[in-house]
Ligand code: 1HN
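The form predicted alone is given below as one chain in structure tokens.
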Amino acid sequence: MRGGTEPMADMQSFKDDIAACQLTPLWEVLHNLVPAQPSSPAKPHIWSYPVARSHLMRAGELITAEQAERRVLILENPGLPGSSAITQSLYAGLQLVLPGEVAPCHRHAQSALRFVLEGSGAHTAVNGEKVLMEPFDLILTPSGLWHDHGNETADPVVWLDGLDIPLIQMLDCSYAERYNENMFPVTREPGDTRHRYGRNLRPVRRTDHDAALKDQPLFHYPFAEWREALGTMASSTAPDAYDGHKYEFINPLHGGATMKTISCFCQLIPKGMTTLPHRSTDGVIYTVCEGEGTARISHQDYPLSPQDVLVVPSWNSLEIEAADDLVLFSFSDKTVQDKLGVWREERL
């Protein structure tokens, strides 16, 4: 007999038999594998920067950057315990480098961004070219490129790390390699790459150094420049009802996302504006750069203050109310979803 008339004992016996052959019935899990709409186990959450900073500074008293390799507190999503992930595809953490410290040179399969939250004058070096950090600068360390960090200043430096660690783990292609010195040899003067690629220009013939950077030649997006761009847009254009004023950071070689797996954005929501609700399939991590306000995620309110970090999981509706001119940086896996043809947005 078939279907509902089959005795339960026979069905259990059948499942036991096929389990021994590493087979399992699709009909029992289909609704989870192919749900009616996106459904993420990740939960909305906000990390208060003053609270997280206090713990990070305590970590600075307990372990050196050299002992830790990278002194970082992971921002772990409460819906993904034990995963070291902020969404199912992305990782985020707060990294501290104290005065005089070096975070040793290494490279890995993962693509990474550094978004500076505190400190001025420390550096990241990518394949031997230094970038001097200022608050709210976006700095990339793309997949496979050597990078190290150092703090020659008198003050601590803190930045938000964003990496595609969960995605690379899922693909089973992770690797990490330590360089034989703490710092990579100097190959270019600071700012050289930005002069070559950061002015709406690109070299017709690329050098060996350019080739070593593969297709990721620009890795520094200074706050002073992108904040000015937002201000210019705001002074001449009406805000979008859902985003306010918003830009995407791009790779100047092809005009696409900053990195193959991570899209980065900045936006300004004018004082007094409340955006209309919208949702999308990419889980988004936001950092507050200027101003205060409130994020309403699926009808729950989260207060926003400078340097706080907020995660909006996939398919959760978002509205933002700006008490001041509110400037936000965000990143997500949108570029991956775009390439796969599965990214969706609903403006509610």
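Sequential numbering from 1, following the sequence displayed. Everything quoted here is computed from the prediction, not taken from an experiment.
Keep in mind that the form predicted in complex with the ligand is not shown, yet the notes after this line are about it.
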*Heavy atoms within 4.5 Å of the ligand in the predicted complex: which stretch among 239-247, 259-267, 219-227, 108-116?*
108-116
*Non-hydrogen atom within 4.5 angstroms of the ligand in the predicted complex for each of Arg70, Gln95 and His149*: yes
*asked:* Within 4.5 Å, heavy atoms only, which of Tyr197, Tyr91, Phe184, Phe136 is in contact with the ligand in the predicted complex?
replied: Tyr91
*Within 4.5 Å of the ligand in the predicted complex, heavy atoms considered, which of Ile165, Val158, Leu75, Leu140?*
Ile165
